[in-house]
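Take a look at this single chain, the form predicted alone, given in structure tokens.
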Amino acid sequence: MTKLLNRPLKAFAFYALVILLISVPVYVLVVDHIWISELDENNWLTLQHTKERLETGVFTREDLEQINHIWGELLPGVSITKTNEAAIRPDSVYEILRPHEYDTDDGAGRFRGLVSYLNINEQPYQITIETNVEEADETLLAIAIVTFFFFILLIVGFILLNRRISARSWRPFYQTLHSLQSFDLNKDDNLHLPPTDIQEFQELNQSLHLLVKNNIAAYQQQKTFTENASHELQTPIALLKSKLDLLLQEKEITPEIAEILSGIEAPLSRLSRINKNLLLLAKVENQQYSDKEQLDIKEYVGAALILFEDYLNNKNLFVRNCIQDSILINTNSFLLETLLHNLLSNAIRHTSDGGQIRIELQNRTIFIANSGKQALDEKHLFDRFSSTSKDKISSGLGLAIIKEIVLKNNWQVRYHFDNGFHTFAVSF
């Protein structure tokens, strides 16, 4: 995964590399053009000076041969040869590749020449001036090396400047991110964000403040409503159950009425369980179980198995408790008891008659597995009122309570289905 700050740096580096690679042949062409222009100008000035001296002087044929011989020894690129009127042409420039007389390297050299004509002693002569041109491959290599050096220098500068500018400009963003990561909706009343003089980050902080403020208000209203509603429902539910029990105890009640009353008892019991679990969730979220102590998981598992013994016998379930060693954890006793009870009741509910339940404890992780036929929906497994079971007595809040207890204690809970067993693992 690439950081946002490094993406423009990579783009800039690639763009700079492409531009510099394109610039190398452009540099070569420009330098070569300038070099040729200078050579042509130098050859032309040399030609004009030479023609002026030759045309104004008086030279015999032997003198010209002697001059041509001396030039051939000292300046091989300059020569004067006798010609005829028919061969006279306008001045011209040419390029030729041929071995250099004084160059020991193999290969042909590149020469730029200028050809002109003049009259000496009323006789036509052809004068040629040649100059060796710098090798193109050597120029290309030199420019490429210099370009590569400046490219490295450019990239190093990009990196240093990017780090310095980014560290200063993005500091408010990382401070805001840290504040968001450490913010707990259950504990904090407001989100504290650092001040910044960057307009975009200031607008971001203002939007976050407004968003968090609204979410805190909605969350507090939801918690207050859930807690108050659960408290208020306890009394009428208890009255309904007592009245229902009194009606069932009446002697003159008909079988039809008794069946109707029995049908009311099941949903009323489920309503009572939902109410109690909602109240428990509200208390857990409100940090009402903050008292902690060192507790032995082995003892609490044993006590829970004794509590569910009748349910296990009714379904003829085989329980294999593999916990041998005692492990102490620092938590609230009621929350640990509730966690184990919900895990075991969930395992019992999802196990068919005659099935198996396994309990193991390894490396501060408890595994509670029960036999089953197909995996549960992991995406919505810990959602409130998720339909993971067709049990009409279930409140649909057991796994949500497990998740909330785990979060409050900074534990971890996982689920997987393998070899015909549902397994819930809680790491302390």
Partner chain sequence: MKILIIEDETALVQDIIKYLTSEQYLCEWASDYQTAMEKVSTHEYDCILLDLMLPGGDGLSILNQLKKQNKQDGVIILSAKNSIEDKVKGLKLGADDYLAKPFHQAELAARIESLIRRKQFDSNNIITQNELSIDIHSKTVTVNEHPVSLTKKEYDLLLFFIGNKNRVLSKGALAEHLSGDFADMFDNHDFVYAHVKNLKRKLKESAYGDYIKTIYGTGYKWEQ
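Positions refer to the first chain, counted from 1. All of these numbers come straight from a predicted model, not from anything done at the bench.
Below, we turn to the form predicted in complex with the partner chain, even though it does not appear here.
The closest non-hydrogen atom of I329 lies beyond 4.5 Å of the partner chain in the predicted complex. Contact annotation for L307: at least one heavy atom lies within 4.5 Å of the partner chain in the predicted complex.
Interface membership of T139, defined by any non-hydrogen atom within 4.5 Å of the partner chain in the predicted complex, is ruled out.
Contact annotation for S272: at least one heavy atom lies within 4.5 Å of the partner chain in the predicted complex. Look at 141-149, 345-353, 212-220, 125-133: in the predicted complex, residues with non-hydrogen atoms within 4.5 angstroms of the partner chain sit in 345-353.
With the partner removed from view, the residue among R164, K243, H192, R89 that has a non-hydrogen atom within 4.5 Å of the partner chain in the predicted complex turns out to be K243. Among the residues N228, S262, S169, N84, the one placing a heavy atom within 4.5 Å of the partner chain in the predicted complex is S262. If you take 235-249 and check each residue for a heavy atom within 4.5 Å of the partner chain in the predicted complex, you get T235, I237, A238, L239, K241, S242, K243, D245, L246, L248, Q249, in sequence order.
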